Each structure stands twice: as C-alpha cells, then as structure tokens.
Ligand SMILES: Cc1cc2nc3c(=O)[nH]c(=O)nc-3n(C[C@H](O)[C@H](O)[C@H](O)COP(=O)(O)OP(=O)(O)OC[C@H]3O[C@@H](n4cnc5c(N)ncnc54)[C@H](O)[C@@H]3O)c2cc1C
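For reference, the chain that follows is the form predicted on its own, supplied as structure tokens.
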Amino acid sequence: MHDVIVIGGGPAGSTAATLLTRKGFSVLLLERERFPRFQIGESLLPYNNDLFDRLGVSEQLRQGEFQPKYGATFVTGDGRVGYDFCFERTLPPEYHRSFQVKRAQFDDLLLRNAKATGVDVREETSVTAVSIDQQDRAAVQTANGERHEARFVIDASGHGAIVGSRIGDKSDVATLKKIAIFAHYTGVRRAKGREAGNTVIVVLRNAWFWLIPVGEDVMSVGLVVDRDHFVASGL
C-alpha cells in the first residue's frame, strides 16, 4: 500500500507527487494520457519561480525552448486605454522573468522530474472508481482492472474532478461559468525586444482576449466569455 495516490499528472499532480516523495512518502501517480499531450493554459507567473526552485527544474526552464516573459500588456478593445506591467519595475529581482510555455513540453518536464524523484508514475491509466469507505485507507480502481490502496488520495484531475464527481458534492461557482475558445496561430504581430514575450490581455465589455507568444512564431489566442452570454449570442 502506498502512502499517497495522486490522480492526474498535470502540473498540480506532478508537483504534489514530487514534494511528497522528497519528504519520504511512497507516492503512486495515475495519469490517463500518454505525455506529451496538448493542453491549454500557457502563461506562467513570476512567483512560480520559488516553486520551480523547490522542484529543481529552474535550470531546465532557463535552458529550454520556453519563451521568456518580462511583463504583461493590458489594453481595451478599442485601443484607447493601455498599460504595460513590467516585472522589473514592480517586483524583486528574483521575479523579473517568467516564461510562456507550450504545455505539452512543460507538463512533460514536470512529470519526468517527478519520476526521476522516485514517484511511481503510471501513464495511460484511467481511474474509474474511488472508495473512501475505510477509515485507514482509500482505494482506486483503474480502467485496466488494477486496484490500488493508499492512506490518502489527492485528486489533481482538473476538470474531470474524479473524487468530486464520484463520491463528493460537486457544484459550480456561479462567477466562473466561462467558456474559452482558443487556437494557435502563426504570423501574429507582436512587440519588439524584451516585450515580445509579454502576455497581451484585451478587455471587452462582456469578455476578454488573451494573446500569449509560446514560440518564436506561434501565438496562442483565446477568447473568454460568460457561458450565458455565449449561449445568448447564438454562436
């Protein structure tokens, strides 16, 4: 029996598994997909740097193919009002730079780091059931017929919410009922110099756009809008 079973191998799952293993716990991580795999959510924040130092991946981030990010630009949809938030002018030196990442590569880096730390990583292993009926242990069942037990289970399955969907009270947060429409594009104009890696946020009346440069010629563009507004628009 393991000390902890982590469901989900994304950044939250791999981080929890790595830190627990370094504390001496026996950790099993179950991930339904085979990494690397596509995922959205590509813009890191400066204060993530402390966590990357703890995980031991800071040097890999600096030496990898990730786009350096030194700030963010906010602008209204009509272009009349704009503001550049520069990390160097606002934050301590250790937070002057962050990164824009392609999640397939970034998540794979964190998962491989967890495995190198000693986490028992099982990819292509979907969790189909979770049981917490016994006081001293939890059990999970996988799609391939395996049963695993542990003292604790961490649900890092994201939108899947394995534990909440199967044995908990799952409810929506009214203010977070959003829809995101996104794609990757090439040939999108961007700022020059250090600002070329800035996230650009375009604020609209009932929605907002992101533009995130995740490579030398790749721009992630997404629209976030209230679900009710999206449905009412008839799109």
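Not measured: the values here are computed from a predicted model. The first residue of the sequence shown is number 1, and the count goes up from there.
Below, we turn to the form predicted in complex with this ligand, even though it does not appear here.
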### Query
Going by a heavy atom distance of 4.5 Å, is Asn113 a contact of this ligand in the model of the complex?
no
### Message
Against this ligand in the model of the complex, would Ser26 count as a contact residue? Criterion: heavy atoms within 4.5 Å.
### Response
no
### Message
Ala12 versus this ligand, in the model of the complex: is there a non-hydrogen atom within 4.5 Å?
### Response
yes
### Message
Leu20 versus this ligand, in the model of the complex: is there a non-hydrogen atom within 4.5 Å?
### Response
no
### Heavy atom contact within 4.5 Å of this ligand in the model of the complex, the stretch among 145 to 153, 70 to 78, 83 to 91, 124 to 132
124 to 132
### Message
Check for me: heavy atom within 4.5 Å of this ligand in the model of the complex, for each of Glu31, Arg37 and Ser157, yes or no.
### Response
yes
### Message
If the cut-off is 4.5 angstroms on heavy atoms, which of these, Val140, Val119, Leu109, Ile162, is the one near this ligand in the model of the complex?
### Response
Ile162
### Query
With this ligand left out of view, which of Ala183, Ile167, Ala180, Ala191 would have a heavy atom within 4.5 Å of it in the model of the complex?
Ala180
### Query
Can you name the residues of 41 to 55 that have a heavy atom within 4.5 Å of this ligand in the model of the complex?
Gly41, Glu42, Ser43
